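Just the one chain here, the form predicted on its own, laid out as structure tokens.
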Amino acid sequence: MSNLLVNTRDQRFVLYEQLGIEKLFAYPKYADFSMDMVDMVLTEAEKFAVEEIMPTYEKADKEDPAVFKDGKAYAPKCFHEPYNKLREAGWYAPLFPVEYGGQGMPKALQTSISELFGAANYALMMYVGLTLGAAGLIIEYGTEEQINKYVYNMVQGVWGGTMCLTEPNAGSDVGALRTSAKRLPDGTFSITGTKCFISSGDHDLTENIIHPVLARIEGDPPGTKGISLFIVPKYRVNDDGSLGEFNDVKTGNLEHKMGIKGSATATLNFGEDGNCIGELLGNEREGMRIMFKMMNEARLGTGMQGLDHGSAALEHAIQYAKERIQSRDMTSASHEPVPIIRHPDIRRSLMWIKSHVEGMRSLNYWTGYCIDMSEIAETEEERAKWDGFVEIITPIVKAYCSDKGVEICSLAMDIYGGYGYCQEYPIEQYLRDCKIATIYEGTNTIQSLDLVFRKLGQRKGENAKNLLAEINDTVAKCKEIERLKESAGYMEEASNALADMMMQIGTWLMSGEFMSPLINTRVFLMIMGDVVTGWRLMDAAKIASEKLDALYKEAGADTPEAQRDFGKDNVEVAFYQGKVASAKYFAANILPTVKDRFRVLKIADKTCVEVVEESFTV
């Protein structure tokens, strides 16, 4: 029975059958884990998501959002109980090392938990994610004193955390920030400035909030090279760990947003009264380099937001399509009304959504697995390979999954018809909540610039070559499977077109032709996203096909008719048939467009930049 959030059978397929997560347990870092433990974790996470988190989803949006009153910010009242239960039940920081209060869980497994909790209520989980991101920075770059002072309370969820980059005048141009840091005699800094759009910026879920703040030390050069990073708590922390006086971090307002209304998105004013104290984190003028660690983690989390909402939208749309009775089946002679899932266009829409959700799930989980493999790598060459996958995939995960998440929620709304546009059903909220993922943590255009101008050429193109090699290896294996041979051909053509387009971009850049790639970076990223998503689906179909052959042989189902009937009666057979169907649908309907879409990019049309600005309006 569906939990209306995530297909947990597909979660287990990706973790157990596609990634083979048990391979990690052979290494000392994860030796305490077992498949039984993983299965128990997934079962309990599903239960917690459904029973504790999901009931807050609609309430925090329509009845009990985050509010700003009398100069103070308050999280939704309904968030307090599940937030505290997250802490008490050990769900708060499963990825963190045991010595800091976490469970030392593999990233691939933590990603599956994140999907369940995020699909239940992403706005609630933002309070957790921002805190852990900030704590991770302090662990990696902080002094022992700073770790002892801040990290343990953050990992336990007693204190919150944020990421303070954006300013009203600067926006995505972080180098234009105006927040300043003045040296004080004791080695600390006086912080003055304003940050806006700060997720979890102020609230009452925790007794203190620790802000990593980007600022420029007086006298340091302009631009990003002159930026440093500071730890700025809402309340100062005494040497014995107790809370001290208010640190002059005042909340100006909470934003009134289209979605994620349970998330307190604040404007923060630092040092209005000249009494805000910050501690330098890491070295001076290395703020952007340090903050990029948290930003990259946040970008992976934002990609998950697209998956989370897309997954829940799919589960709801399937249920609705099975229950909604309307119009006759136009493929039969009967005039009796049928569930709309019997209508061809609805089935096409559901298959489009299903294939994208499954491909995105596999892509996100595989990225987590790459992080795990990097951490247990036994040679520098091996570590560089896994790190390289993460580097080149991160902007795709963020931008592709968030863009597709919005498309998925919109198409799911179409399946509902007029009811989907009404608040009676949750689809309209999924669509509203999902949209922000394309904008924050670096807009999707910024992600595409990062991919084209930085990531494709990293390590002299080795990361891109390794990714293409993985795709081509899957193609070769699928060509040996009769039912996948045609789909493998589409995958091969798309992979070759991607390699060719990468070469074209390299040619443009080496010749000093920057405008053509600048205009089309986002388009390129989305097409490359289709290719890697198709690859993950084909890899899954290869495994599913092998399982089907064994099941068919055991049951004596040796004809297409018998195999189809077998799928109607056996849930495992139906699941594996669905995996093959997702790959074949994506291969036939999405991948053949890749070559032509790249051909359009090669035309290098510059009309949009050559036309005079006055022509955009009259």
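As the structure is a prediction and not an experimental result, all values here were calculated from the model. Residues carry their position along the shown sequence, with the first being 1.
Not on display, but discussed next: the form predicted together with a small molecule.
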{"query": "Among 267-275, 302-310, 281-289, 440-448, the region lying within 4.5 Å of the small molecule in the predicted complex by heavy atom distance", "finding": "440-448"}
{"query": "4.5 angstroms heavy atom contact with the small molecule in the predicted complex for residue 197", "finding": "yes"}
{"query": "In the predicted complex, residue 257 touching the small molecule (heavy atom, 4.5 Å)", "finding": "yes"}
{"query": "Contact test in the predicted complex: residue 164 vs the small molecule, heavy atoms, 4.5 Å", "finding": "yes"}
{"query": "Close approach of residue 253 to the small molecule in the predicted complex, 4.5 Å, heavy atom", "finding": "no"}
{"query": "One residue of 423, 172, 84, 319 in contact with the small molecule, assessed in the predicted complex (non-hydrogen atom, 4.5 angstroms)", "finding": "172"}
{"query": "The single option of 314, 436, 93, 373 touching the small molecule in the predicted complex, heavy atom within 4.5 Å", "finding": "436"}
